[in-house]
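Single chain ahead, by itself, as structure tokens, in the form predicted on its own.
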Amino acid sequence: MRRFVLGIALIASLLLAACASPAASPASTDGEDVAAGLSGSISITGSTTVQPLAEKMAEDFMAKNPDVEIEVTGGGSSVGVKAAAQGTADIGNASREIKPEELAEFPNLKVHVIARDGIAIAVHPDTAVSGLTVEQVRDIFSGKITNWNEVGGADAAIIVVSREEGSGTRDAFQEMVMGDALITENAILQQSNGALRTTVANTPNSIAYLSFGYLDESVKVLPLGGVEATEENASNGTYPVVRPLNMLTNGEPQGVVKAFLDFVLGPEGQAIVRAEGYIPVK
């Protein structure tokens, strides 16, 4: 009888020990996605260049994490910087370098470069010009050159199309191409790259600067300084007008926002970057 009682006590103690042992983490044993089980919401706003890229990434991320809701809106790069810095959005998009004065004003701003993008010179398909130099582009957009015959084209007035003030595409073009010269006040202003493309495609003798991600057969893309506007040339440094595409956060990202940015900078996110016509950073 004594042996029987001792046996029961031993079995009971083993069972208690087993119940008290912590279960192994699925992520540490079978390699499951660490983002599994995520929930929450993310608000993203800013650059209209980054917007369609962010929308596609958000769509794929939500498909993998059905309890996460992501809202993406536009407004321009300057809006993205302020929204992220002031906490009115979880992530701000900016399609240009962040200015030193912005970093000074918002010291907690964290910049996450998610892709790179070339800025092409696009003209109406019937334009009889085969290429331009950077200097010629500067003179056209400043209003110094006003007729296509001054750069080897037909005798026709040049119609300049540009983004509005506050646009990251405009800021990058201003910095890398225009320098101290200002874009002519006679330019037709548009609120997005898509609107720029549509305007040039439907306006004879027009010219605009356009994100690589928006190039298609509706416009004619001119070589710049003899270099074709291609992803390969932008990646190897021969194409002269390339800018960063950024996502910004107020401090280091946490929780579901960090998980989303990890996705954006991971293999799946960078595959979307390439598929959408931009240049991956990883």
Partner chain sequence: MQRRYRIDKGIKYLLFFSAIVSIIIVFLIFFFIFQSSLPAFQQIGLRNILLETTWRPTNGQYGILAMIVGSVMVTFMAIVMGVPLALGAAIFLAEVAPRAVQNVFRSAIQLLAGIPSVVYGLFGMVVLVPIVRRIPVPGNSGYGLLSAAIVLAVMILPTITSVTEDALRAVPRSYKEASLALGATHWQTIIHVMIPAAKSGIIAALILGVGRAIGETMAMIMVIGNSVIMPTPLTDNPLTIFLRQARTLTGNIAVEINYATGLHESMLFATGVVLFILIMIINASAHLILRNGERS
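Predicted model only: the values in this text are computed from it and were never measured. Numbering follows the first chain given and starts at 1.
Below, we turn to the form predicted in complex with its partner chain, even though it does not appear here.
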Answer option from Glu164, Asp139, Glu175, Glu71, heavy atom within 4.5 Å of its partner chain in the predicted complex: Glu164
Interface stretch in the predicted complex with its partner chain - options 151-159, 108-116, 207-215, 86-94, non-hydrogen atom within 4.5 Å: 151-159
Contact flag, Thr45 vs its partner chain in the predicted complex, heavy atom cut 4.5 Å: no
Contact label in the predicted complex: Ser130 to its partner chain, heavy atom within 4.5 Å: no
Contact test in the predicted complex: Ile145 vs its partner chain, heavy atoms, 4.5 Å: no
4.5 Å heavy atom contact, Ala120 to its partner chain in the predicted complex: no
Contacts with its partner chain in the predicted complex - residues in 64-91 whose heavy atoms fall within 4.5 Å: Gly75, Gly76, Ser77, Ser78, Val79, Lys82
